[in-house]
Every structure is written in structure tokens, then in C-alpha cells.
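Next up: just one chain, as C-alpha cells, the form predicted on its own.
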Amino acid sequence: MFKRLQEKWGVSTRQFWIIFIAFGLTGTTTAFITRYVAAWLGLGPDSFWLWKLLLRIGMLLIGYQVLLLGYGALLGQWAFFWKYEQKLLQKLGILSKNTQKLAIFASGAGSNAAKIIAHFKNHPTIQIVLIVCNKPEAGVLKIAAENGIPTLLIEKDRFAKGDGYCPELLEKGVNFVVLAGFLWKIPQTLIAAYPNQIINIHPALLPKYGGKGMYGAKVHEAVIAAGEKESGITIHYVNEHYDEGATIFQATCSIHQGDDADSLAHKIHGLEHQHFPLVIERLLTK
């Protein structure tokens, strides 16, 4: 049950338990305050039932939510609980749903990009508004054209040492960035513009087999050479270092005798295509 809930929220194990504790503290505190307020108002077993019901509803709709945000902030999980509250307000019709606009960065054939595009093709609140690529011959550009999605071809000096193409992203209204096989390091300029709003997928179980130069077939070859019994994928936030951002989600696959880098790559691609679009959706709708 806990594992399914963690996957639904799209958070790391550590973050999951911190969030779980915040919910527990909020529930306990709300119950204590409700009893205190009831006593202060003189409400007891013989009091009119409607007054007690209104008190409980008020504490649930207002007191509980305020406390939840407070504990979330104290435990360093404000972003999670603010999104949680926004989703609740949207369900109640108090807050209108905001459209999330994604940019996908990719350097190659674009198989992950294709799965993400297909997954969100008719989504009510999530749109793919831009494909960013650093290679003019990359297959992902053809996928973008077939789906009518604008593209942005970037050059290294401006990306790494200039403005990171932030003006173009902001012009498209991009508020979330997905790296799907993008091979350049993300500059600090872009990270600062999108704090905790850039995620990447890595074809191994980080922190193993990550870092500069570890991508694609090189990762699978290293895993096979080391005699590992399992590998998998890691979806993580992006920071200023290669593959060192906080883990959001991991999935594993077994490595059998006779597997080589190619067969392992096939298994990893299956995991990527299965999980990446779902994790993105959980992050943006939780």
C-alpha cells in the first residue's frame, strides 16, 4: 500500500515518510484543537448536534488545511503540500485549474518524447508546447513536426554561457522542463529560472552508474561489465551536477545470465516508456 502511494505521489522514499509524518502530526493536532475549542465553547455530549457538526466541518475545511501547510513548511515539504491544497481547491471548484505547459529537451531519436507526447495528447491541464533539441538531424524533431509541436534548435555557447534560452521558454509559457535523452549539462541560469521544475530520466539505479559521460549504451555496458544482478531507471530532479538531483522515482529489472548491453537496453526502454509519462503526470497533478 505504501509503495503504491509513493508512486502515486511521485516522491522519493525519504520524502514519502516526511510527508506521512506531516499528515500524522496534522491529524493529531487538529483533533486536539477541536476538543479544546469545543470545551471553550461549552459544547458537550448534550449540546445541539448541529453546532458540534459545524465545528468539525470548520476544523476540517479550514483548520486542518492551514495546519497541513504549516507542518509541510516546517518539514521542508511546502511545495508538495501547496500543490496538494491547490488540487483540493480545484476539486471543490474554488480554484480554477491551471494548464501546465511542458518543454521536452531531447538529443536523439525521441522514443521517450514520443511516449510523453502521446500520453498528454488530449490531457485537460497538461500540454507539450515546445521540443528543444541540440542536434539538427535528431529524430525527435520529426516526431515534433508530426504532432504539430513547435521546436527550438539550440547552440552550445548561448545555452551554457548565455541566457540558457530562457526568453524562448518564457515566451511559450513553459513552467516545467522534462529531459528525455538530452545530453548537455543544464546551466545554472536555467536551473535558477525553473527551481525544482526540471526533471531527468537516467537509465540506471542512481547513485550508481551516473555522472559525466554516463549515458545510453555506456551505462548498460558498465552495468553488464560489473556483473550486476539488476538495473533500472531513475527519475530525478536536476541540479547543477550530473545525475545528483533528488530522486523522484525508481523502477528495476532483473539482469539474467546471457544478457548483454543491447538486451538490457531493451528492458530499460520498456521501463522508461511505461513509467516516465505517469510520473510526470503525478508530479503535475498531485
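Counting begins at 1, following the sequence as shown. Keep in mind the model is a prediction, meaning the values are calculated, not measured.
Keep in mind the form predicted in complex with a small molecule is missing from the figure; the text below concerns it.
Residue among 74, 192, 88, 183 with a heavy atom within 4.5 Å of the small molecule in the model of the complex: Contact with the small molecule in the model of the complex is made by 183 alone.
Can you work out which of 81, 215, 165, 176 has a heavy atom no more than 4.5 Å from the small molecule in the model of the complex? Answer to the contact question: 215.
The chain here is shown without the small molecule. Which stretch in 167-175, 202-210, 119-127, 147-155 comes within 4.5 angstroms of it in the model of the complex, by heavy atom distance? So the stretch in question is 202-210.
Is there a non-hydrogen atom of residue 269 within 4.5 angstroms of a non-hydrogen atom of the small molecule in the model of the complex? Close contact exists here: in the model of the complex, residue 269 approaches the small molecule to within 4.5 Å, heavy atoms only.
How about residue 111 - does it come within 4.5 Å of the small molecule in the model of the complex, if we only consider non-hydrogen atoms? It does: once the small molecule is placed as it appears in the model of the complex, residue 111 has a heavy atom within 4.5 Å of it.
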